[in-house]
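The chain below stands alone and is given as structure tokens, in the form predicted alone.
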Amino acid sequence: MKKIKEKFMSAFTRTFDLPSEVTLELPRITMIGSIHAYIENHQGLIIFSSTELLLKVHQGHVRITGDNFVLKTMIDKDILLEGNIKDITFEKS
């Protein structure tokens, strides 16, 4: 049943030219160099330390590693991370 819903939403998104991150519940990550990351559409903060950020997203996790991390903003489903970002990984569950 989930596959049918995903196929429908994908076709719906293409037909009406909607942003896929909204209709498919995908995370949107905007980087400013390697010092800022703005993450939208996450489903919860799992781990935060000065070297790692792990977020739950639809169909898995987003892991960001680096150093000197500071959460500048955390509002509902949006996070602004500041620090020296070295790696961003998507992990499917």
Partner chain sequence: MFFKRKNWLSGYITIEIKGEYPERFFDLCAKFNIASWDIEKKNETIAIGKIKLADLPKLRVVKRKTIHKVYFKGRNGLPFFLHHLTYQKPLLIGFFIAIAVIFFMSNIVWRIDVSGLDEEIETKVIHQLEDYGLEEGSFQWNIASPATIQKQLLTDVPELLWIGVKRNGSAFHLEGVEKTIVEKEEEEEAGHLVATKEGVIEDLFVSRGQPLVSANDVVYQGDILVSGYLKESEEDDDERKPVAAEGEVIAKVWYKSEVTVPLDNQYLVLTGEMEQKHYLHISKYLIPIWNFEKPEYKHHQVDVEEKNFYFLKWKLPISYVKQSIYDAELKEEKVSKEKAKNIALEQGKRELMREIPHDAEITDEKVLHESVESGKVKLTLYYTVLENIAKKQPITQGD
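Computed from a predicted structure; not experimentally measured. Residue numbers count along the first chain shown, from 1.
Heads up, the form predicted in complex with the partner chain isn't pictured, but that's what we're talking about next.
Contact check for residue 14: every heavy atom lies farther than 4.5 Å from the partner chain in the predicted complex. Contact check for residue 38: every heavy atom lies farther than 4.5 Å from the partner chain in the predicted complex. Although the partner is absent from this view, residue 44 contacts the partner chain in the predicted complex, with a non-hydrogen atom inside 4.5 angstroms. The partner chain in the predicted complex comes within 4.5 Å of a heavy atom belonging to residue 73.
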